[in-house]
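Same protein, same chain, two forms; see structure 1 and structure 2 below, as structure tokens.
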Structure 1
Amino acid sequence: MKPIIQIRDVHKYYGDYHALRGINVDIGEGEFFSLLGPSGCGKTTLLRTIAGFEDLSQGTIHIDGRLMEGVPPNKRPTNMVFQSYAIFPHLTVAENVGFGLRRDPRTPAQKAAAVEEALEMVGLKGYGGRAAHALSGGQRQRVALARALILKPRVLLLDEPLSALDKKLREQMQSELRRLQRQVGITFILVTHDQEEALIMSDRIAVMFEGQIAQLAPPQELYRRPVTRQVAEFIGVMNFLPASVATVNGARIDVEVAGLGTVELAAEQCPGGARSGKGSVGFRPETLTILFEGETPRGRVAEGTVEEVTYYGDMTYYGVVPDGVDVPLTISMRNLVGRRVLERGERTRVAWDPAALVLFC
């Protein structure tokens, strides 16, 4: 994939505070790229340096092969959708969308056609004459997108654009944004603290902590093979059990896991590298299976006691404490027709597969 953005050794200081610490990343042309992390990790600062709203303390940013040093935001091939949308309430929808065309040399008729095209692109065809203050949250978000896209940027920067929406509308707009990105074919860079949002929408995700990129990977790799326990804890739900490395024999590692016994792991299950000593293994709730009456396990089996039951309709999440372990493991089970929901205090068997484990040393 040809990079449209090249970021090299970027640092940003605010006085003594080191907000960005040696960021190096290439972002591909036509890629949906997400910056994911907790508040204060530097993701919005990095986005603003790409946009030109923040100067670099050190390092370089190239966009479309051009060094951005000294290039103001309005001269960069980027546009930005802010968290607040920044819609002008006294203007109509069409006036908002066409605001950036005020100095454009096109004729009024050409500008009006461009506004209609942008509105149709975001699903607001026929809304041009409506007052902006009369729009719903989702409609305002679409207007902000249309206003950014009408200038045909090479890169669209999105600073948590869905955070103000309710859950159902946010999920709808996630699909709409992904569809829109494929339709226009330009690079989208999304800042979000919502792990699920990043997994759903992105081609690649950069997970950030304390001004650094902890892991950069496609969603499936990030979810299945986090390289550190910190990344694993941040992305979705992960169970952890104490473990100690017994032997390392080339590509195979023998690990003693609390409550599960001795497990042989492959080298790719130890993304940080296997070392002798103590650590932990992690595994996702959906990789465990509660065995109901008459069910035969396909993998290995542990026995335990149901401590917690959380019913979600389509799914039930169980907290099961395996024998010999003090903490419950979270297990997600789909509520199939005829499958009963276990009660607290019940004894149960749990099937698990060593291939689902990830070792953190």
Structure 2
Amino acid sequence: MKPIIQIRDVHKYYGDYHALRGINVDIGEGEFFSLLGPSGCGKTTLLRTIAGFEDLSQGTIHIDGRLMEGVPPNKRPTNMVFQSYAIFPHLTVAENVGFGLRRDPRTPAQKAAAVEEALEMVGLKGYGGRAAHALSGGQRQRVALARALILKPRVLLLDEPLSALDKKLREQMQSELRRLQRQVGITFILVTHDQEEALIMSDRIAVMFEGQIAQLAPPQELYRRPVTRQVAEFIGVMNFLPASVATVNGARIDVEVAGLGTVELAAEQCPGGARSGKGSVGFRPETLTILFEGETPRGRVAEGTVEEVTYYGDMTYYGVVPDGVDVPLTISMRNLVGRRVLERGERTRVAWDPAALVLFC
């Protein structure tokens, strides 16, 4: 991977507030990269330092091999799609999209063609003459995209671009953004607080908490092997059981899990690093399986009582309390044809696989 952006030891202070606390990351050429985290974690601040809207208190950012210190936003090879879209309300759609071409040496006819091409790319062909303020939310979003992409930046920065859209439109725009990124082939950096959105769209995700990157990984690795409980809780749903690490023996780790007994885990199941002592194990709802009458388990089995049943149509989510533990585990089951939905209070067997566990020490 050839890096287009190199961020080294970046710190940002606002007065006494330490907003970015030592960010180090390389972002690759043509990558769809997401900054994911709760509000106030510094993800937008980091994006704005890349765009040049915020100065660094410490550290360096290189874009395309060039040090960005002292380079203003209008001289950087980046363009931004703002959270509010920032469509100029007094201009038409075409004037908005062509705004960045003002200093371009091309003829007006060539510029108009470029605008039309950009509009077509985002599915707004023929909208050029409309007043920008008369557009819907989704259309504004597309205008903002066309306006940023027409300058052919090396990096497109997207600051929570989908948060203002309703669910249907958001899902549609997610796949469209992904398609657009493959089509133009430039680096996209997306800021989002929506873990699902980050998983769907990204090549790699940086999860941020309190001004630091907690984990930087591709979506699958992030979901299956979170390095800390905090990351695990932020990405999807995860069950936790108290555990104690008996021995750490090279590649094998012996762990005593409350309610489930002794398990032997591989070193890679403890991405945060293993040491003996108290800890916890986590596992995703879909790695647990409720055993119905006559089904034979693969892996190991625990017994428990159904405490909660949430029916979603395609899925049912159960809260099952295993014997010997007082925390319910969330289990998701697909509602296959002929499979009944359990009732609260029923006894059930739960199959689980030690390979699905993640250990947090």
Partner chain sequence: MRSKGTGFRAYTIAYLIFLYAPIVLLPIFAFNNSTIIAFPLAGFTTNWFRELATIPALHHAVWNSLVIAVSTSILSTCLGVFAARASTRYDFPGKGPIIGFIMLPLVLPEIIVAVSLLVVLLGIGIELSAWTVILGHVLICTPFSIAILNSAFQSLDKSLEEAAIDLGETRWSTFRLITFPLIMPGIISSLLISFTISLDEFIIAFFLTGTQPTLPVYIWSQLRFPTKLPSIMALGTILVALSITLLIIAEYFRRRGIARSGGQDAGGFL
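Residue positions are counted from 1 along structure 1's sequence. The structure presented is a predicted model; accordingly, all values stated were derived computationally and were not measured. So that the term is clear: the rigid core is the largest set of C-alpha atoms that superpose within 1.5 Å between two forms.
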{"query": "Index of the chain form predicted on its own, chosen from the pair", "finding": "1"}
{"query": "C-alpha of residue 75 off by 2 Å or more between the two structures on rigid core", "finding": "no"}
{"query": "Residue 130 C-alpha shift between the two structures of 2 Å or more, rigid core reference", "finding": "yes"}
